[in-house]
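Okay, here we've got a single chain as structure tokens, the form predicted alone, with questions on binding and movement later.
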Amino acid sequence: MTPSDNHAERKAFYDTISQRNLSPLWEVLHALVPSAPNTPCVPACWKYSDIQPFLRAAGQLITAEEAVRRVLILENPALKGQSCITQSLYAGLQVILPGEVAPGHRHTQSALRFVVEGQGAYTAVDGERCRMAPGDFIITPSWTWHDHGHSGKVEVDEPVVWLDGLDIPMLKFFDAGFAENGSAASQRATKPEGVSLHKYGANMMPVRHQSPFGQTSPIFSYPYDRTREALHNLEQHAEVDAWDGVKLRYVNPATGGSPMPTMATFMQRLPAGFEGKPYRQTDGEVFSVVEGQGSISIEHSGKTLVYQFSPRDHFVVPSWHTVRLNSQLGCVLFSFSDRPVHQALGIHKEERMS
């Protein structure tokens, strides 16, 4: 049989089995099981100085009540129209104006809020409110009622902006994402502000503890002032890691694991003069710059991108891209990734290069 005859016979075979919803594995095996992680996502950086005018314009264009959540999605350039920053994670910048309320709802997706700019806003979770300040990390556990508001005065106070991070694409993959709207715009406060932090945030727990949010941390607000103090003390008194600087992970105090079952969150300090060694990992990571300035180089497939970053900038490092972090003046970075899912499935890989 000649190669042309063989090709024709194979095509006829493929056409026939396709009608029975079958396809040949040998034609796609190399793509299904590649020799290395091969994400379609690309690195990207969003400069806050470029984005801020659009956030302000969105505030004039649509109300928080009408929008439900007034958010500009940070969309990966290679995943246009898919509303995600990696294939498993969603990220967006939400803006709320003085006097507004983003109405209550709940959803199966887990959400994090990282406050980027402004004072005077609050978020409420299952009857407990917490004030939001720049650098604070706040959780909305899966299927909990939540709303947001800004108690400041119109024409006096500034808008508040925070980073939303959710596992929307992950739950979409499992066909498990859905939501329910509340009957009232803002839920009634039934618990004193800060009670969750008092119960669980002092290396102690109630004797007969039962987690109020299932696998999610019973603390839903992690204030930045505590985190910043820990980072700067460690910078002065502990060894600085050659790849990460001083990097801490947020924890669920009940389990010691990640605050949410699908997303890990981190805060790191790069000391002045830091020149990081390269590393790569299978979990894609989204960064928000809290303080200071620096640069990140991201290498993949022989190409290297370098982003200079400043406070409130955001960038994404896709899976298995080699990263170097540098800062001449010192900086603080918040980040989140889908690492807990990788770890639960036993597929997480990391390489630290010299």
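None of the values given here were measured: they were computed from a predicted structure. Residue positions are given as counts along the sequence shown, with the first one as 1.
Not pictured, yet referred to below: the form predicted together with a small molecule.
Taking the partner from elsewhere, Y222 is found to have every heavy atom lying beyond 4.5 Å of the small molecule in the predicted complex.
Using a 4.5 angstroms threshold between heavy atoms, H107 counts as touching the small molecule in the predicted complex. Residue contact check for Y90: one or more of its heavy atoms lie within 4.5 Å of the small molecule in the predicted complex. In the predicted complex, at least one heavy atom of R113 sits within 4.5 Å of the small molecule. Residue D164 is the only one of E128, D164, D157, D136 with a heavy atom lying within 4.5 Å of the small molecule in the predicted complex. This chain is drawn without the small molecule; in the predicted complex, the residue among T86, Q94, T265, S196 with a heavy atom within 4.5 Å of it is Q94. Screening 142 to 150, 270 to 278, 235 to 243, 205 to 213 for residues having heavy atoms within 4.5 Å of the small molecule in the predicted complex returns a single hit, 142 to 150.
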